[in-house]
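Let's start with one chain on its own, the form predicted on its own, as structure tokens.
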């Protein structure tokens, strides 16, 4: 059964899975059985001839029908500087208008905007998510331009991992937002890649399938374009950047994919305008000196990109995203959590043993933290008691001083009161004396008459 059948049915086919439920950690982990065990099992099988028709040869049809019924999804990440034609190329690839708004050049940082669309071709439904990097490469300091992109991809992996780790999973209805392919738009300078391009692709090559494309390829002559392509591939190889290679292990598509690998990076042209060419209306760009036909392979590599991206290798990109990039992220995250398939002696260890060991270590750490907190509490209580005693001592000193002052003040008041009483008694005594003395009144009516 070749890979083309997998593309048709649209399913992630795995040889075997071992599901282990971790109740204490609410963790469900899927571990793949080793390939050599599968081949040993396959070698032990006996080949029998059927005496009649059974009907399991309809399994491919059943899978195809189920996949068509459920629909498919595909997530594209477009990275490139503002004005390189990312939105126009998406409109051209899917022969529709996504009605995107132009991005300004004065954004302080890079932002990612995701838009999801429901497309249908014949009876096949596709849920397409296009993620655009708004403001990429517009800042003066481009050192952290890739950080927002890396954080977005990791966030989608983490969301899928958390859904997968739930006890009650709903992966069948979960909207998988993991990025399946990254179209990296290269500015058509003709002088090679910029530093930001190399740094960003180097950060992303282990997280997503990268397909570099030369945007607005109609601005470069064919001779310069071939030299530009060769220089891009040389710089990618010299800097250890791994881009997506179309698979050649399936004999049905090996020849075309091998030839297409030699055309990477694709030089593309997008357009939202239609120009009549002969008897057909075709997407084209009209210039005073001629017309560039988007779907003409002698003008650009747009048709090659569309065939490789959508028609031939879409399912392979989805499969590589799940089996390679997501598995690598999942492995690192589980190792950060402390889980491993082998112990310190490199011997296989069961998941239950790992869980019990982690639980034991966790209990020890909790007990140690409890003892430390208890000791800290005792120390704090003693310090507080010493502070209270010091405050109490100060209060006693203050009270004694106030008591002494009060006694002295009371003594002064008593002395003043006694003196006041003595003055009152003396005053009363003098009043009585004055009252007992005889009083002589002399009234002068006037001068006496002279005789």
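All figures in this text were calculated on a predicted structure; none of them were measured in a lab. Numbering follows the first chain given and starts at 1.
Beyond the structure shown, there is the form predicted in complex with a small molecule, which is absent from this document and is the topic of what follows.
- Heavy atoms within 4.5 Å of the small molecule in the model of the complex belong, among the stretches 326 to 334, 235 to 243, 265 to 273, 341 to 349, to residues of 265 to 273.
- By the criterion of a heavy atom within 4.5 Å, residue 190 is excluded from the residues contacting the small molecule in the model of the complex.
- Within this chain, residue 219 lines the site of the small molecule in the model of the complex, having a heavy atom no more than 4.5 Å away.
- Although the partner is absent from this view, residue 81 contacts the small molecule in the model of the complex, with a non-hydrogen atom inside 4.5 angstroms.
- In the model of the complex, at least one heavy atom of residue 85 sits within 4.5 Å of the small molecule.
- A heavy atom within 4.5 Å of the small molecule in the model of the complex is found for one listed residue only; from 322, 229, 304, 285, this is 285.
- Note on the partner interface in the model of the complex: the residue among 129, 293, 103, 312 having a heavy atom within 4.5 angstroms of the small molecule is 103.
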